[in-house]
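First comes one chain, alone, set out as structure tokens in the form predicted on its own.
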């Protein structure tokens, strides 16, 4: 896919998740967004206490370390620790408010998957996300979320011009085609518990870290 050529080079992507564990499905798609939109950096934000799922199988410190290892040598990837110290459930709106203080002028792009977008109205203060960032939805080539019957609030935010994301620092909804790999962290955890191979699903150094730290043993049902 062609990279967006902009005179700006300061757009910051924000990609939150449990990353339990991080895998190629996470890494390949967010790399597609970074390259397509010419982002200066992407900040990967591991969630300490997820709101919409059970307790992760690995600690937030372990998931942070796995993200660091997975992105070693990749330019423009930053592992962001701002949710790690929270002793309450992690809400993206709070993370974006904090990031906006750090990046008062630069466009922030909240990067989410199609499944997350389908549930966005369940997010805490979801409409206010657009007060701090653009929302970029990763979609499989050929799928068209924008043609789905969205409520008027979301429909009014849609832009089909990637350049709009650079001219304003928040407020748009944009759909970006990406290469989608059908890999799930749940599947990986279950394979580990069953002593099945997880080769080619995630980086080798993450596989070694999981083995060395005895992660996901007996974890068949956690989401």
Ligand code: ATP
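Positions refer to the first chain, counted from 1. A quick note: this is a predicted structure, and the numbers were derived from the prediction, not measured.
There is another form of the same protein, the form predicted in complex with the named molecule; it is not shown, and what comes next is about it.
Remark: none of the three candidate residues (97, 103 and 132) comes within 4.5 Å of the named molecule in the predicted complex, counting heavy atoms only.
Residue-level contacts in the predicted complex: of 162, 158, 183, 36, one residue has a heavy atom within 4.5 Å of the named molecule, and it is 183. This chain is displayed alone, yet in the predicted complex one of 169, 48, 62, 29 has a heavy atom within 4.5 Å of the named molecule; that residue is 29. Partner contacts here mean any heavy atom within 4.5 Å of the named molecule in the predicted complex, and among 36-44, 169-177, 150-158, 183-191 they occur only in 183-191.
Put simply, residue 195 is far from the named molecule in the predicted complex: not one heavy atom of it is within 4.5 Å.
At the 4.5 Å threshold, heavy atoms of residue 16 reach the named molecule in the predicted complex. Contact check for residue 115: a non-hydrogen atom falls within 4.5 Å of the named molecule in the predicted complex. Residue contact with the named molecule in the predicted complex: residue 92 places no heavy atom within 4.5 Å of it.
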